[in-house]
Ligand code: URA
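Here you get one chain, nothing else, as structure tokens; it is the form predicted alone.
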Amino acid sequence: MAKLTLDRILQSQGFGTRKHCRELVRAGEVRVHGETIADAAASFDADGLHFEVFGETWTFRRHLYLALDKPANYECSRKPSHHPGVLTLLPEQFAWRDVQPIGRLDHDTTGLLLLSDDGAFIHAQSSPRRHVPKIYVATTHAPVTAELVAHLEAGVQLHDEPAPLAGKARQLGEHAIELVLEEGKYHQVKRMLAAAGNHCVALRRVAIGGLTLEGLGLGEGEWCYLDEEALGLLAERGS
């Protein structure tokens, strides 16, 4: 990648307009290689560049690939209407970079959510042709039974779907069931449980492909960057 001026580097990383980024430099708020830079037109090799803004260290990234353990009562929308948006859980400059959630979790559903500012990646991850399994853990109102598991695996008919929907199911506890789905229908887990005669009282997504919350070590409300190894797990079928 060709060298970029410092103001362009800062702008590309979400620190504001070029004018604002120049002001940050002039104010002495930007350091590169441990040195305060006074010239916003100074150029640097951007790839992998470490720099500081307001004393916090950042690494230049051409695109952002993020995982978030979404808490309840947050909306997966850039323009939330009834609850805070998930972007409020991330550094402010990520919103300037047009980071957006990939797919949606209901406001009361928790768990693994991917976000990015890479349009091609977002499109690829959102494609219904990928058939990458997503693993959910549901807490149910009525006890989980062998009949419920069998019913979900055989398929349940939803009123607005042309064919029954099925998923791999496994009982985890008296009121807990794991469901593995490859589709992304609206409220699918909740509607499937209702169609099978039970009711979902809490829902958590724990994995996408081979990428798991447990493997990432995230707690609710926490986020992390995804490296190449983690991104590769998204294509795996999981366990």
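Model, not experiment: these values are computed from the prediction. Residue positions are given as counts along the sequence shown, with the first one as 1.
Keep in mind that the form predicted in complex with the named molecule is not shown, yet the notes after this line are about it.
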Query raised in the report: Are any of the heavy atoms in Tyr136 no more than 4.5 Å from a heavy atom of the named molecule in the predicted bound form?
Result: yes
Query - 4.5 Å heavy atom contact, His50 and the named molecule in the predicted bound form - result: no
Query raised in the report: Should Ile208 be counted as a contact of the named molecule in the predicted bound form, where contact means heavy atoms within 4.5 Å?
Result: no
Requested in this report: Check whether Val30 has any heavy atom within 4.5 Å of a heavy atom of the named molecule in the predicted bound form, and answer yes or no.
Outcome: no
Report task. Find the only residue in Leu115, Leu105, Ala169, Val144 having a heavy atom within 4.5 Å of the named molecule in the predicted bound form. Result -> Leu105
Query raised in the report: Pick from Val189, Leu64, Ile177, Leu213: which residue has any heavy atom within 4.5 angstroms of the named molecule in the predicted bound form?
Result: Val189
Report task. Name the stretch: of 169-177, 36-44, 189-197, 54-62, exactly one has residues whose heavy atoms fall within 4.5 Å of the named molecule in the predicted bound form. Result -> 189-197
